[in-house]
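A lone chain, given as C-alpha cells: the form predicted on its own.
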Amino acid sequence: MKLIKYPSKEQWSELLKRPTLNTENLFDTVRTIINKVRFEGDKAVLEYEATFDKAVLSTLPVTSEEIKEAEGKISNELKAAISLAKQNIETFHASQRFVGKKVETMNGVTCWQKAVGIEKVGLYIPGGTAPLFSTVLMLAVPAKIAGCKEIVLCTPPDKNGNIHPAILFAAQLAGVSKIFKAGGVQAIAAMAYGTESIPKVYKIFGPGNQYVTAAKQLVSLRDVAIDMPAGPSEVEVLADASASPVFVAADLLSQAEHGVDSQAMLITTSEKLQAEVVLEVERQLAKLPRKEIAEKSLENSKLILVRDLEEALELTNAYAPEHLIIETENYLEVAERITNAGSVFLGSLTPESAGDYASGTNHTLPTNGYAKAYSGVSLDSFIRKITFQEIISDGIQAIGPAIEEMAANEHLDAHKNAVTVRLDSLK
C-alpha cells in the first residue's frame, strides 16, 4: 500500500486515479461474440459456454427440478440469512414507491406522472470465484416491487453445467421469472437481442468482468438500456484519530478481496492511525483465504494523510467513492458535507459488508467517479415515469394564446394551428 503524506492539490488528480481497465481495446473481440449470438441465437451461446465456461450444455434454461434440488444443497443458516437480507432489501426499496400527485399548473390545466415498471429486465449475476447470490437479491427484489412483468436472470454454470445453489435459491425467493445458464458476453448479447430460449429485455442490470462491461457498453449504444457505467469496485475510509485501526484495516481488506483491480483508500487526519493501519492490514491479510487477490489489489491502494478535516472532505468529494465509510468522532456532521458518493456507512460499527448483504440498501453502485453524476440502483432504476395532462375549456383559453405566440415565433405554424382550431371551436 502506498503511504502519502500531505499531498499538494496539484497531486490530487494523479493520486485519485483508479486502476481502470480500458474496455475499448476489447470492443473488436466483444463485438464478434455479440454479432454471432445475435444471428445464431442459442447455438452460439452454447458454443461460447463450451469455450469460455468449459460447460457442455444441451439446453440453456434452468429447470424447476434444478431449482428444487438447490434448496436442499444449502444450509438452513444460509437460507435464513438470505431470507433476512431479502426482507430488509424489500422494506427499504418498498419505501421508495413513487406517489404521483395531480398538479393544476393553472386553472383548467392539470398535469401528473405515473410510475410504470419496465416490462422486461435482464439480470446478469457473475459466477466464478465468488458467486454473487447477494446481487440476485439487490436486483430482483426491487424489480419485483416495481412491477416488472418478466425478470430474466443469466449466470455462468460451472464445468459440470450447474448453477451455484445459493444463486438459484435467492432467485426463486426474490421472484425471478426465468433463469438461464449463460455467462460473459454471450449472456449480455442474448438478453439484448433475444434467442430461441432467452427473451429480449429492455434493460440489463448487474456487474461483471471487463468483457461483460464492454458488452454492456456496446449493446447500450442502440439496442437496450443498462443500469450504469461500471468499473472495478472501490472503498474509501475517511477517518480521524478516534478510529479503530483494526476496523479500518478490516474495511480496506473487505474491498481488496473483491478482485485484483479493486481499490481501497484511507484518507485520514491522523499520522498515528495511518501507521497503525499499515501494520494491522499486514496482520489481517496473512489470515485471508483470498490473500493473493487482496495483495494484488492493495498495490492500487493508498493511505493518504491530510492536514485537517476540511481537506479530507474536499479530497473525498473529488474522489467520489463507490463506498464511503466515515469513522470520525462527529460522523453525522461530516456526512452532511458529503456531496459525491455511491453509498455511505456511518460510524465505527457500520461496515461496508452490511450494505453489501443485508442492511437493506442496494450494493449496485456507481464506480470510477461516476458517483458525481449517477445514483446507485434503486426502485427508480426499474420504473419509467409517464406524464399525463388534461386541459379543459378554461385551461385552453387561458394557456392557448401563449402557445400560439411561442409556436409562431419558432415558425411552427402547424403547432400554432392545433391550438387555434380549438380556441375557434369555443367561440
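Nothing here was measured: the structure is a model prediction, and the numbers come from that model. From 1 onward, residues are counted along the sequence shown.
Omitted from view is the form predicted together with another copy of the chain, to which the following refers.
Engineer: With another copy of the chain left out of view, choose which of 40, 390, 69, 47 has a non-hydrogen atom within 4.5 angstroms of it in the predicted bound form.
Structural biologist: By the 4.5 Å heavy-atom cutoff, the listed residue in contact is 390.
Engineer: Looking at 212, 85, 306, 298, which has any heavy atom no more than 4.5 Å from another copy of the chain in the predicted bound form?
Structural biologist: Exactly one listed residue reaches within 4.5 Å, namely 85.
Engineer: My question is simply whether residue 9 lines the interface with another copy of the chain in the predicted bound form - judged by any non-hydrogen atom within 4.5 Å.
Structural biologist: Heavy-atom contact with another copy of the chain at 4.5 Å: absent for residue 9.
Engineer: Taking heavy atoms only, is residue 403 within 4.5 angstroms of another copy of the chain in the predicted bound form?
Structural biologist: Residue 403: contacts another copy of the chain in the predicted bound form.
Engineer: May I ask you to check whether residue 344 falls inside a 4.5 Å heavy atom distance of another copy of the chain in the predicted bound form?
Structural biologist: Yes - in the predicted bound form, heavy atoms of residue 344 and another copy of the chain come within 4.5 Å of each other.
Engineer: With heavy atoms only and a cut-off of 4.5 Å, decide whether residue 27 touches another copy of the chain in the predicted bound form.
Structural biologist: It does: once another copy of the chain is placed as it appears in the predicted bound form, residue 27 has a heavy atom within 4.5 Å of it.
Engineer: Please tell me whether the candidate spot formed by 18, 63 and 311 is one where all three residues come within 4.5 Å of another copy of the chain in the predicted bound form (heavy atoms).
Structural biologist: Judged in the predicted bound form, none of 18, 63 and 311 sits within 4.5 Å of another copy of the chain.
Engineer: Since the chain is shown here on its own, which stretch among 267-275, 177-185, 154-162, 101-109 would lie within 4.5 Å of another copy of the chain in the predicted bound form, judged by heavy atoms?
Structural biologist: This holds for exactly one stretch, 101-109.
Engineer: Residue by residue through 390-425, which ones have a non-hydrogen atom no more than 4.5 angstroms from another copy of the chain in the predicted bound form?
Structural biologist: Contacts from 390-425: 390, 391, 392, 393, 396, 398, 399, 402, 403, 405, 406, 407, 409, 410, 411, 412, 413, 414, 415, 417, 418, 419, 421, 422, 425.
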